[in-house]
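Only one chain is given next, in C-alpha cells, and it is the form predicted alone.
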C-alpha cells in the first residue's frame, strides 16, 4: 500500500488570508471574533462572528469564465487551493515574454483528483425572496415559473450547490481523476481528506487537492444556528465568547474560511524533490447513530474514529503527542469529547496536549477539519502546540494539558512525533485524521 504525504498547504481564515498569517494568529492567541459586518445584525440575538476580512480573490485562482459560479465560500476555497498548489511546487511562477506566468509540473490529469468538504451554500435572504416572491402573498404557484426563468442568469442554484467548488477546482487545475464532495456538516473536510488519502493509497490517484470551504457568517445559516441555541451570546465581549473546555462556555462562534492540502504519493513527492510537511497515515470515520444534534454520553463513534486512525497509522496512543480537539465551546460537545479522548489515550495522560483552535478561529463547520489538520501539520513542522484561549476555569475530570493561554505565553514548544485532528459533525458523523513527522517516516524506511 502506497504511503501518502502532504506537500502543500493554503488557508483563508479570520486570522489571515494565507497559511502563515493564519498560523501566526492562532499561535499568538489572537481571537478572530468581532461585530458582524456582512449584514445589519443590531436586532439579532447574536451580533458577532469570526469573519474573513480584507479578502479579494486573485484572478490567478480561477478560470475567467467561472466568475459567474462563485459564492463566498467557493472564493475562499479557490484562494486557499491556489496557495496550496503554489506551495507544493506543482505550480510555479516563471518568466514569460509578457511577464510572469504559471508553469505546472507534469502530472497525469487522470491521476490528479479533488476531494472537498463543502457546506450548503451561502444563499442570501434577498436572493430567496426574489426567487420565491410570488409565493409570499397570494400563493400563485403558477407564477413561480416566470420567477425561475428570470433568475436563470444569476445561476443561484449552481453558485450554491455543494459540488460546485470541486468542479471549479478540477477545471482550474485540469484534475480528471477522482473528484469527491463530502457534506457531513462539521466532519466534512476531515472525511474528504481521509478519503483522498485512501484513494492515493489504493493507486486511484497520485495527487489529490483536498480540504474544505464554508461560511456560517451569513444571515440564513446564522439564523438556523441561533434557533438551535448553539451559538454564544456574549455580545458584550465577543473575543471571550469562544471558550472550549471552560466551565462558563455557552456556545460556539460562527466563522468562515477555507483550508486546502495537497496530498501526494510519497514516492512521487520524493522523486520530484518536493518539500514534504508530514505523512498522513491514519484515518477513521464513524457514525454515532444517536441524535441529529447531540452526542451519545459514552462518546461512541468519536472514540472509534480516533482508535481507527491510530491503528491504521501503526502507532500506539502513547506516541501521539497532540490532539486538535473538535472543541466547539458547547456544553455537551466539550464534556463528551473530553471523556472520549480519555477513553482512547488514558485518564492519566497529563503529558497529552489537547487544544481547541476554535477558541481563536471560531467554527468553520465544513472547513473546520481541514483547517485544524493544517494546524496539526504546522505543529509538527514547528514542534509547537497552539493554545486554547479563554480557558479560565477548566471543566473537571480531565487531566490532560489543554494548553491554556497565559498572560505572556500562548503556544507551547513540545517535541512531537504525531498529531491527530478530531471532528464531530451534526447528524453523528465523526472523523479523525492522523499525521506524523516526515523525518520520523524517513527514519523508518530510509530515502
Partner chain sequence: MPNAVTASAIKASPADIEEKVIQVIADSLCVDSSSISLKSNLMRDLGAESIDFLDIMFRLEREFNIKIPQREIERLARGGLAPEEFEVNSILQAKGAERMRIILPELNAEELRAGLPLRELPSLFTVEVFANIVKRKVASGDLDTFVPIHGDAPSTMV
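Being a predicted model, the structure only gives us computed values, none of them experimental. Numbering follows the first chain given and starts at 1.
Omitted here: the form predicted together with the partner chain. The next part is about that form.
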Contact stretch among 353-361, 264-272, 83-91, 247-255 - heavy atom within 4.5 Å of the partner chain in the model of the complex: 247-255
So in the model of the complex, is the partner chain close enough to residue 226 to count as touching (4.5 Å, heavy atoms)? yes
Close approach of residue 58 to the partner chain in the model of the complex, 4.5 Å, heavy atom: no
Exercise: residue 332 in contact with the partner chain in the model of the complex, heavy atom 4.5 Å: yes
Closest heavy atom of residue 295 to the partner chain in the model of the complex, within 4.5 Å or not? yes
Given the partner chain in the model of the complex, answer whether the residues 342, 383 and 418 all have a heavy atom inside 4.5 Å of it. no
Exactly one of 107, 276, 230, 315 comes within 4.5 Å of the partner chain in the model of the complex through a heavy atom, and that residue is 230
Heavy atom within 4.5 Å of the partner chain in the model of the complex: which of 324, 215, 71, 328? 328
